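This document starts with one chain, in the form predicted alone, laid out as structure tokens.
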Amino acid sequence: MYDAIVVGAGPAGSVCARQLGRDGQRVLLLDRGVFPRDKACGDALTGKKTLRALQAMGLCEAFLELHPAASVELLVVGPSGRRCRLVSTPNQEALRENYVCPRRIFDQWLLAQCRPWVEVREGIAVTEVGIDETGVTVSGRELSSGRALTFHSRLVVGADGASSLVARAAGLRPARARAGAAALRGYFSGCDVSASQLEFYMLRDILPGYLWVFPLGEGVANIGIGLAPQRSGCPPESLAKFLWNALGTHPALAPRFRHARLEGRLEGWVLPQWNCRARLSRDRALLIGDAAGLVDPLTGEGIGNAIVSGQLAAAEGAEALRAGDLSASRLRRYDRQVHRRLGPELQLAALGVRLLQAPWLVDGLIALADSQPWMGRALSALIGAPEGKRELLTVAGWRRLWRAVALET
């Protein structure tokens, strides 16, 4: 019997499994995919949160050896075409704040960090999870052979995405119980892009969503579009049509992407919406990452929160395993840790989604960021740091902002 089974080897699952294994627990990490595998995502690792989490695990130097595309500038373009360029400042360890690294590369690298500590089984489709007072039973199928497999553990961790099977089996509210955001992305070659600049286009028809251009180097970019929950009912073909239309007609995009070519196909996915009332644990079960609905509703970024939740789950899970107490009341400490660490910024981001739907307000923010250093710093931090949300999305911050925007417009 294993001490813990982690279902899903994305960033949250790999981090959680690694930390549990380093604690001396016997851990099995399962994933349906065979790595390296592609994963629909914007590929951006934004802000100090991700870097700090990697630093805490002693993995920052190894991450930089992947040579991810480092971005020192953020270009933000508003509905009217107003724009501002924001310079992202290095943190105290002189690391860039924003990187772009394809999930095919990043997830394989992070999984490799697990292997010395964890038993990894790839190509396993989990079909059923049973939880009772005696333990956890995970049933699955080996995709290469069709062979049925059964595993047993004391604890199960669901890192299996927005439609989490573990969440349903545990009787927890699935992350997709509430409408989530929708996104679509593709890899394009032949792009006229700056290798050191992330681009965000706040287009009128998709506010408070945005179109992004994230460079990967050598004229290749991850280009996509993200819609907020209230617009996420838009079918994938409409998202694709909008993306192609924007690339072909927007004055800031069309001249630069005239010769761009789509490599492969466009991929769409659902980003779960944060629900502050949802339980993240019960007897012998924890949810992390997208399975816990920890995607930032304002930016759509989820990798940083996934890694943090994996760390928190590993710490609380290891203590519970050592104490021999895997009850819901004991594991509820994990819920409290997540709400304390991530809840405030996710709630503030949700407020931002509701407020940033007016084109005039978005244009005013961008004009203000272009002329006022404090606003530029706040908007830059907003993309990747909770400090930016706190500076902007509080009562005092909005009063200051409202007065400044009124003067600008």
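In case it trips you up, residue 1 is the first one in the sequence shown, and so on. Keep in mind that this is a model prediction, so the values were computed, not measured.
There is also a form predicted in complex with a small molecule; it is not shown, and the following applies to it.
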inquiry  = Just to be sure I understand the contacts: of Arg83, Arg154, Arg185, Arg282, which is the one whose heavy atoms reach within 4.5 angstroms of the small molecule in the model of the complex?
reply    = Arg185
message = Can you work out which of Leu351, Met57, Ala62, Ala40 has a heavy atom no more than 4.5 Å from the small molecule in the model of the complex?
response = Ala40
message = Can you tell me whether Ala44 touches the small molecule? I mean in the model of the complex, with a 4.5 angstroms heavy atom cut-off.
response = yes
message = How about Ala125 - does it come within 4.5 Å of the small molecule in the model of the complex, if we only consider non-hydrogen atoms?
response = yes
task = Indicate whether the small molecule has at least one heavy atom within 4.5 Å of a heavy atom of Cys16 in the model of the complex.
result = no
query = Taking heavy atoms only, is Glu301 within 4.5 angstroms of the small molecule in the model of the complex?
reply = yes
inquiry  = Since the partner isn't included here, can you check whether the small molecule sits close to all of Tyr2, Gly21 and Leu286 in the model of the complex (heavy atom within 4.5 Å for each)?
reply    = no
ask   = Pick from 314 to 322, 251 to 259, 146 to 154, 288 to 296: which stretch has non-hydrogen atoms within 4.5 Å of the small molecule in the model of the complex?
value = 288 to 296
